[in-house]
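Next up: a single chain in structure tokens, the form predicted on its own.
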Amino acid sequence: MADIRRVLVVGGGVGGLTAASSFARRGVEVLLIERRPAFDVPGVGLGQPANALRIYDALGLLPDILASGFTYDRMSIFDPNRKLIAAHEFLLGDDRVPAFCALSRRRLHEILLAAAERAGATIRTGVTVSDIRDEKDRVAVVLSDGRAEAFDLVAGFDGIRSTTRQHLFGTAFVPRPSGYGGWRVQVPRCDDVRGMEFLQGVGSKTGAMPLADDLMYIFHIRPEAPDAVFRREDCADLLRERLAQYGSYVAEVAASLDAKSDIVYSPIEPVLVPWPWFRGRVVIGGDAAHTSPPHLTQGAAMAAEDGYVLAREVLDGDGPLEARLMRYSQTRYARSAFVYSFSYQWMLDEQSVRTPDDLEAARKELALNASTRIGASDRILDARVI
């Protein structure tokens, strides 16, 4: 649309970079700002399901993604000693796009950043927003480097602690501690880990995701104090203690952990902002609008979809900008709410296993229903948004 000529994207994560590319490829002048001084992205790895891969394909990035990661089409649920409980072949993807491709978070960001720059987006790091004033036909923004600039649209993809969300809603919608946390560490891939794996334990769940022929990451989810902060030098001992009940390769990984292990811990703090996700010419997406437990591996995928769909609705939609942003909010809220509710319930179910009897009951239920339940989710998430 001719009324959107200059866009500010706040945040250089998956959603922000996807939005920047999607707008810039259509001839819009895009400035993306990122609060970090450099794109030394923290984190371990990201499983990218078919719905995310279709977005990257539309941006011309699918070959790079597939060449950088590990593709797989199934997941398995085991007991703590890796005895199979249930297996599921994903109902995602097609002849062109695999069900999943997992890769390191750093590599995914390198690909998306290069794409945004090729499309013509201007990237500034070490910069935040100091002030936003919506002036009806434009947004006046003061940046932390002192510059004052005007934009036709401000898109906040600035993460779970979003200042753009705070501008829109104050403190009404903020992430709340779930009482659970996730531990992750990259390790050499075991030959027989060729898809996503969950090992259901008593009081916790662990598992693995392959990231490359020679690399995978171990994850562990369990109750943790909402205000827990762990010293880096203690993390190896703490994670080793938490993995004590697990056998097979998990036990081998636990025994190998030491002070050099790059262990990442983060609390699980879900948030789902009700639509509309905008006011005037300021809109949010990605983790700024919705953050879910990681069980469906859809966090980055939902952010990428948000960035792409926002650009499409704004540039191709009919009617005034308010109507276009409303369509974006409504369509993205419904899909994100499904991921939020499904993954949150999955987390609560698995974490309710507190005794050996609970584990036996969970074993029977998972063997009977897990694949059917995940298959229903697959069909919803495989529905095309592009």
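This structure is a prediction, so every number in the text was calculated from the model and none was measured. One-based numbering along the sequence shown.
Same protein, other form: the form predicted in complex with a small molecule, not shown, and the subject of what follows.
Engineer: Only one of 289 to 297, 171 to 179, 276 to 284, 252 to 260 has heavy atoms within 4.5 Å of the small molecule in the predicted complex; I'd like to know which.
Structural biologist: Of the stretches listed, the one contacting the partner is 289 to 297.
Engineer: State the residue from 105, 189, 82, 240 whose non-hydrogen atoms include one within 4.5 Å of the small molecule in the predicted complex.
Structural biologist: So the residue touching the small molecule in the predicted complex, by this definition, is 105.
Engineer: Could you check which residue among 339, 59, 28, 46 gets a heavy atom within 4.5 Å of the small molecule in the predicted complex?
Structural biologist: The residue from 339, 59, 28, 46 that makes the contact is 46.
Engineer: Each of 155, 270 and 311 near the small molecule in the predicted complex, meaning some heavy atom within 4.5 Å?
Structural biologist: Looking in the predicted complex, the three residues 155, 270 and 311 all stay beyond 4.5 Å of the small molecule (heavy atoms).
Engineer: Would residue 325 sit within 4.5 Å of the small molecule in the predicted complex, counting heavy atoms only?
Structural biologist: No, residue 325 sits far enough from the small molecule in the predicted complex that none of its heavy atoms falls within 4.5 Å.
Engineer: Look up in the predicted complex whether residue 36 has a non-hydrogen atom within 4.5 angstroms of the small molecule, and give yes or no.
Structural biologist: Result yes; residue 36 sits at the interface with the small molecule in the predicted complex.
Engineer: Counting only non-hydrogen atoms and a 4.5 angstroms cut-off, does residue 217 reach the small molecule in the predicted complex?
Structural biologist: Because a heavy atom of residue 217 falls inside 4.5 Å of the small molecule in the predicted complex, the answer is yes.
Engineer: Can any non-hydrogen atom of residue 127 be found within 4.5 angstroms of the small molecule in the predicted complex?
Structural biologist: Close contact exists here: in the predicted complex, residue 127 approaches the small molecule to within 4.5 Å, heavy atoms only.
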